[in-house]
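What follows are structure tokens for two forms of the same protein chain, given separately as structure 1 and structure 2.
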Structure 1
């Protein structure tokens, strides 16, 4: 959400960008420092992303990680965790565990199973049911995801189109990675993705719940990509590029 941040706190925040912060760190609004003749005391609206929360006139850090900034006004904490918490609008890979009544029960790695209605697929009607069996993988997004209600998934977007979501085809391998790696893979200009492109052609579906589906032209290549993704989670850029280069040279 947004928080009114005075320019002095802005400067303090900007200073800390790129540094590690821990829960309990505060960015205080110091009353004395506002009386500054050089800057105007006009408050700016800063956007607090994940990991930051506003209490009163302070910004408190809720997660441990690195403070990041996106100009002009967005601040957030980049943290590392493996356990996924359902959030509305995020696309995830789910496993269908049961079908009953009019809904599928889908496991996405959270504390409860989500429900996915039969009708929430493109072109599905009461007569024309989607071809989804127990054990299939689905790529869906959250329609309802809060701590008070059972989460609900849909495979269509607002206008009724699939937009890349739906049930998976055969083949491929599903692996589990940390949420940080998933975000790095999905970033607009992702280094990891461009490094992977150099290796060999493969299909990649990335769910924000830490699940990644990989399919390459052979079993061996699929295994290579899967193992690479799982190991480059905690590597620096250099280590990762070295590893990818080694694989490329010894590639089949």
Structure 2
């Protein structure tokens, strides 16, 4: 019966290969199978690479990243890529670094700058130019992103509407987080987001490029939210909830 367990464990692991895992995630063997295990088929056949640790009959994730598998039995965690790669259709937070003629240059944290036309804003015309200054933050979407062309951003959707994109208003704070945390914040039912909103009503704009814009009702609360978000990167769900609880007790 030993092989069965193996397949169950590896089936679970293999299902997660290519997905983002976070510290504290565990892969367990089901107890009823473990009893029938002969010594030779104990779970320690799985080889734990960097980022994974075995404790008893569980494999525990030690750092966030993408689960990788090298057949037959080696598993490891690949750290989140540090640098964002422009992808068509994705929304990012950029910083306007220069303007020349009809084009703004925007730093989105990639290996080169993107262009953003002054006409790519809702309601913009040759006469009615948008009010965009060097140093402004913009929430924008990639219209063009491929190896052979300069990346191009727009602040309007297909029907010419801003749809939440454009220049950020005053106040607010820009922070950097890992691309893994971005995915968790953008998940349809993000527990981090709902936990945060229970602590402080705040506006969060999440760029796929690992930049997050935060604005709460006061500068102090904005700073607290920013710090909490950045610490979420390295915490398990349980650690995060304990931290949020402490803040809540102090904040009430």
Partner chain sequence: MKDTPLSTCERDFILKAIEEKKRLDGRQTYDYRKIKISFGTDYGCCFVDLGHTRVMAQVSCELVAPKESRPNEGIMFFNIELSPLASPAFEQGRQSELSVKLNRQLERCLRNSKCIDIESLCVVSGEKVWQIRVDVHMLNNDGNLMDASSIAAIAALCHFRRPDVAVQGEEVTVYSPEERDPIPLSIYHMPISVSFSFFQQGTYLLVDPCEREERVMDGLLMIAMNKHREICSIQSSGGIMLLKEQVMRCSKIASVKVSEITELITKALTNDKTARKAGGRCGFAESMPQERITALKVDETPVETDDVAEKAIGIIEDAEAPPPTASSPVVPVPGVGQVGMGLQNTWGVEEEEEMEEFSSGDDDVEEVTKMEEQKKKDNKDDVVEISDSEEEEVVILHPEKPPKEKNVKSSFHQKGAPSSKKKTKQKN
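Note that this is a predicted model, so its numbers are computed, not measured. Think of the rigid core as the biggest set of C-alphas that the two forms share within 1.5 Å after superposition. Numbering follows the first chain given and starts at 1.
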Structure identified as the form predicted together with the partner chain
1
Would the C-alpha of residue 205 be classed as shifted by 2 Å or more between the two structures after rigid-core alignment?
no
Do you see a C-alpha shift of 2 Å or more at residue 186 between the two structures, with the core held fixed?
no
C-alpha of residue 227 moved at least 2 Å between the two structures on rigid core:
no
So, with the core fitted, how far does residue 62 move at its Cα between the two structures, in angstrom?
20.4
Given the rigid core as reference frame, how large is the C-alpha shift of residue 16 between the two structures? Answer in angstrom.
5.8
